[in-house]
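A lone chain, given as structure tokens: the form predicted on its own.
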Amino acid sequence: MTTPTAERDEPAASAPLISVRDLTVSYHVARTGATLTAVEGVNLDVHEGEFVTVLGPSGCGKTTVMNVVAGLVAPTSGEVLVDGRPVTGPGPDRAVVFQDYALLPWRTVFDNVKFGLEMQKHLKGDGWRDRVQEAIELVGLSGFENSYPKELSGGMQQRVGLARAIVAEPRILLMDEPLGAVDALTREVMRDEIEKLIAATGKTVLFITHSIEEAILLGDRIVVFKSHPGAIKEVIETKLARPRSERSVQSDPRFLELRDHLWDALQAEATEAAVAGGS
């Protein structure tokens, strides 16, 4: 199996914004006394302004790597650097968007977005209300400021999560299957909106997905993980012009080539995992 060919740019001269160096994360399983290695020997650089999608089978360690970058999980060995400094915990330069929205049900849209500033202690001065309103407008929720999460659709709730993440103006967005809980049509619409949002804000994005099409449509590069233990199998540059939409690129030969290659790679990984599990 060969990686699809593509014309490549010269490597970026600047230092990476995110640098994952020989990262290994292991957990002690109290029930059995065993040690479970979630990821092992992961190396990855992400440059400022890049949109990197991460694709792989369930349980391959994608979320673990993201959690280390977020500062929510400590490495067993190796390290993660953000802007050249070791990650030792959460920080205002990084924000996480979760799959399950993680909204506070007793708070309105405005107050849920405001919570993004509260977590970073950014409520000083008179400008914070404008920042909250601007974030709400940026994700297309004007008019819903006083609505509660239960009154919103799944796609609208995820927009609230996006607004909460961007309101504190982090340099990095860490997105863990943010579209996994919405229906197919909403997912397509939200993909287009996320691309427009990132184009407007210039954020650096690490985006986990199980969808091959989503990984291609959103990513500048696609990081493919293998499991048991989790490690990077390959990294592929998409080399598709922006802006992108499913309808605009689905007939592009490069899109079809990437999709077929990624399907083969994940199918091979699933087969290897099944053989290993049965041996």
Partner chain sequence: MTATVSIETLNAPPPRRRRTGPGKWTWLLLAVIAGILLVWEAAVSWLHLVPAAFLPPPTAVLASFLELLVDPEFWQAFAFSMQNLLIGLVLAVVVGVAVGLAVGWSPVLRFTVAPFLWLLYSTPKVALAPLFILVLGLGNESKIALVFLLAVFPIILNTMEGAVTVPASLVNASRVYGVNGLALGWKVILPATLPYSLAGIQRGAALGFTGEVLGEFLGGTGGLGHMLEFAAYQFQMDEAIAMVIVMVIIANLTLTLISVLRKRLAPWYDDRQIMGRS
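Being a predicted model, the structure only gives us computed values, none of them experimental. Rigid core here is just the name for the largest C-alpha set that superposes within 1.5 Å across the two forms. Numbering follows the first chain given and starts at 1.
Separately, the form predicted together with the partner chain exists; it is not shown, and the next lines address it.
Participant: Could you tell me if L103 has a non-hydrogen atom within 4.5 Å of the partner chain in the predicted complex?
Facilitator: Contact check for L103: yes, within 4.5 Å of the partner chain in the predicted complex.
Participant: Given that the partner is absent here, does A165 sit within 4.5 Å of the partner chain in the predicted complex, heavy atoms only?
Facilitator: Taking the distances in the predicted complex, the answer for A165 is yes, it comes within 4.5 Å of the partner chain.
Participant: Answer with yes or no whether L206 is in contact with the partner chain in the predicted complex, where contact means some heavy atom within 4.5 Å.
Facilitator: Flag for L206 set to no.
Participant: Report whether the minimum heavy atom distance between A95 and the partner chain in the predicted complex is within 4.5 Å.
Facilitator: Yes - in the predicted complex, heavy atoms of A95 and the partner chain come within 4.5 Å of each other.
Participant: Based on heavy atom distances of 4.5 Å or less, which listed stretch (127-135, 177-185, 191-199, 79-87) is in contact with the partner chain in the predicted complex?
Facilitator: Of the stretches listed, the one contacting the partner is 127-135.
Participant: Between the partner chain and G116, N146 and E151, in the predicted complex, does every residue show a non-hydrogen atom at 4.5 Å or closer?
Facilitator: Verified in the predicted complex; spot residues all in contact, yes.
Participant: If you line up the core, does K150 shift 2 angstroms or more at its C-alpha between this form and the one not shown?
Facilitator: The answer is yes; the displacement is at least 2 Å.
Participant: Tell me whether T76 is among the residues that move between this form and the one not shown (Cα shift of 2 angstroms or more, core superposed).
Facilitator: No; that C-alpha moves by less than 2 Å between this form and the one not shown.
Participant: Between the shown chain and the other structure, the Cα gap of I198 to S153 differs by 3 Å or more. Is it closer or farther in the predicted complex?
Facilitator: More distant in the predicted complex, by 3 Å or more.
Participant: So the Cα-Cα distance between P243 and S153 shifts by 3 Å or more in the predicted complex; is it shorter or longer than what we see here?
Facilitator: Farther is correct, given that in the predicted complex the C-alpha spacing of P243 to S153 is increased by at least 3 Å.
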